[in-house]
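What follows is a single chain, given as structure tokens, in the form predicted alone.
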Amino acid sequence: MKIIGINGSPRVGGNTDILLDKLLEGAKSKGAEVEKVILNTLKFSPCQECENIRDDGTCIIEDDMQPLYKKIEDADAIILASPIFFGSLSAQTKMMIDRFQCAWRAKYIFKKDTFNKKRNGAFISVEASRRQDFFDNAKAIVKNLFAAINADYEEELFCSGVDGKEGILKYPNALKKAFEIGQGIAVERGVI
């Protein structure tokens, strides 16, 4: 059982990162193999809507997205974590998602499924205000990504009113819920 956690926050050690770590810790406690990717440390460009795009769903741009595509393809579950910036996902997260246009095109136009194995998906998001519509905006984009890569949108954890770099530590119930989601994903995928 492989679970990949993708941190779309520019801040390592911040609220999004802490929640993601807690979720991955829960999955690991049930025997899952976990890996965390921090998008802000990768070197990749936004989607260029290339005219000479391949029909097989692979991206022609050679950068740090290539290994990430492979990790997602091999994973049994994907955990995407992003803070809310200006009412939706962080730029890092949205930039990564846009790079899956090649997979979307292959799946829905050419009927070629490059991410052919089913996987579970979960979305974690943190924001300082208390605007549910911001989470709804982000969730709609994440659901589109998950559909393109055959990830079932199984779980979500939205934490509002969380401000400051480690503000989430004041919310032990959110940390507990993240841990339990991780355990649940590992159990559901048949680790134990």
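Because the structure is predicted, anything quoted here is derived from the model rather than measured. Residue positions are given as counts along the sequence shown, with the first one as 1.
The following text describes the form predicted in complex with a small molecule, which does not appear among the structures shown.
- Contact check at 4.5 Å (heavy atoms) against the small molecule in the predicted bound form: none of G57, F110 and T114 pass.
- The partner is absent here; in the predicted bound form, the one residue of D163, E33, D152, D136 having a heavy atom within 4.5 Å of the small molecule is D163.
- Only one segment in the set 60-68, 126-134, 139-147, 39-47 has residues whose heavy atoms sit within 4.5 Å of the small molecule in the predicted bound form; it is 126-134.
- Contact between K170 and the small molecule in the predicted bound form is not found at the 4.5 Å heavy atom cutoff.
- Taking the partner from elsewhere, G14 is found to have a heavy atom lying within 4.5 Å of the small molecule in the predicted bound form.
- In the predicted bound form, at least one heavy atom of F85 sits within 4.5 Å of the small molecule.
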